[in-house]
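Form predicted alone, single chain, as structure tokens, below.
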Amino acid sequence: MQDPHRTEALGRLEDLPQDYRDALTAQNLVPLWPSLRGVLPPHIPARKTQVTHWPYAGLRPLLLQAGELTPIEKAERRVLVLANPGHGLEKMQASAAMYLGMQLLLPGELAPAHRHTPNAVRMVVEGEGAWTLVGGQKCPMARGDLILTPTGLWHEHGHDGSGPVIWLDVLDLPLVYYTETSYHVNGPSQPEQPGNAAQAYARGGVVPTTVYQRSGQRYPMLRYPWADARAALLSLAHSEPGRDCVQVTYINPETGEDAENILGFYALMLRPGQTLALPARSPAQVFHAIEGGADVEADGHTLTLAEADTCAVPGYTPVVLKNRSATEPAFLFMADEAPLHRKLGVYEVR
């Protein structure tokens, strides 16, 4: 039986006498009840994140124009931020905890070394010949590769090839900024260390034996080549033809945990002509088309995701993905806030 004293209609701030409100303000006090439903709404959270689509065909020429207008020396990182209008463009965030940016590096350019507190990853969109040096590991950049830049690691980007190289940055910057812990430090170029973790961990289920101990590195693998992830998806689809969701998760190969500790990263394959319904989950999601195209249906919107397009979907929202090709598979990169939600104990699937 419902408590007869409970009501959804709570008192308003303007119901209070002005002198009482002034007395509260003078002591930096705020009455909770007029705002209680705003911060604790019934049944489903209030969400600022909106379904948003960033078509690459419109973004790319503006990014290349930025390369003409602003030299790398004045930009340090030449990026166009993919901002979600629900949060306000000035907030420069795609969701509550995710920042997205498209970054351009031209031949011969060097984005100098720095490190920062937010975690970052790079999903390479186009071009060849660029590299990123992270914690001393030199990571070549090829389309579809995922490269980690975890918190605190020195990193720089260089380009020895021809033609522009563009990648999608995904950071947990909004969260780190909200907790007042976001900052960066500039530094000198770091020496390259020997070894290639992407080759050492290239086979699922086996890792290098180091005197029967783990490497001791918090992030033993920083580059996840697309060729390996794509092959894993095709193998999974072939070996399990009845599986609806052909998806792999980027993980720490030594611990089995998420590749980074705040945001989750995945690759998804849609079979030719496939329609895939994803349940509503608490974290917001980002979808980026690596190969092929897909229709994305969410919250009353239908987006046509062409190759290299990116979109964001708020949490607690079911999503339907449709491969637009009847003859070829489509491959999507996904990012979400699931690791953070699990740590907070608020992760849900509805």
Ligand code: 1HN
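Owing to the predicted nature of the structure, the values given are computational and were not obtained by experimental measurement. Residue positions are given as counts along the sequence shown, with the first one as 1.
Separately, the form predicted together with the named molecule exists; it is not shown, and the next lines address it.
Although the partner is absent from this view, Arg122 contacts the named molecule in the predicted bound form, with a non-hydrogen atom inside 4.5 angstroms.
A residue is said to contact a partner when one of its heavy atoms sits within 4.5 Å of a partner heavy atom; Leu173 meets this definition for the named molecule in the predicted bound form.
In the predicted bound form, at least one heavy atom of Arg77 sits within 4.5 Å of a heavy atom of the named molecule. Shown alone here, Arg223 lies farther than 4.5 Å from the named molecule in the predicted bound form, counting heavy atoms only. When the named molecule is considered in the predicted bound form, only one residue from Thr151, Gln274, Gln103, Asn252 comes within 4.5 Å through any heavy atom, namely Gln103. Note on the partner interface in the predicted bound form: the residue among Arg230, His114, His87, Arg218 having a heavy atom within 4.5 angstroms of the named molecule is His114. With the named molecule omitted here, the record of contacts in the predicted bound form names 95-103 of 189-197, 260-268, 231-239, 95-103, defined by a heavy atom within 4.5 Å. In the predicted bound form, the named molecule lies within 4.5 angstroms of at least one heavy atom of each of the following residues of 135-158: His155, His157, in sequence order.
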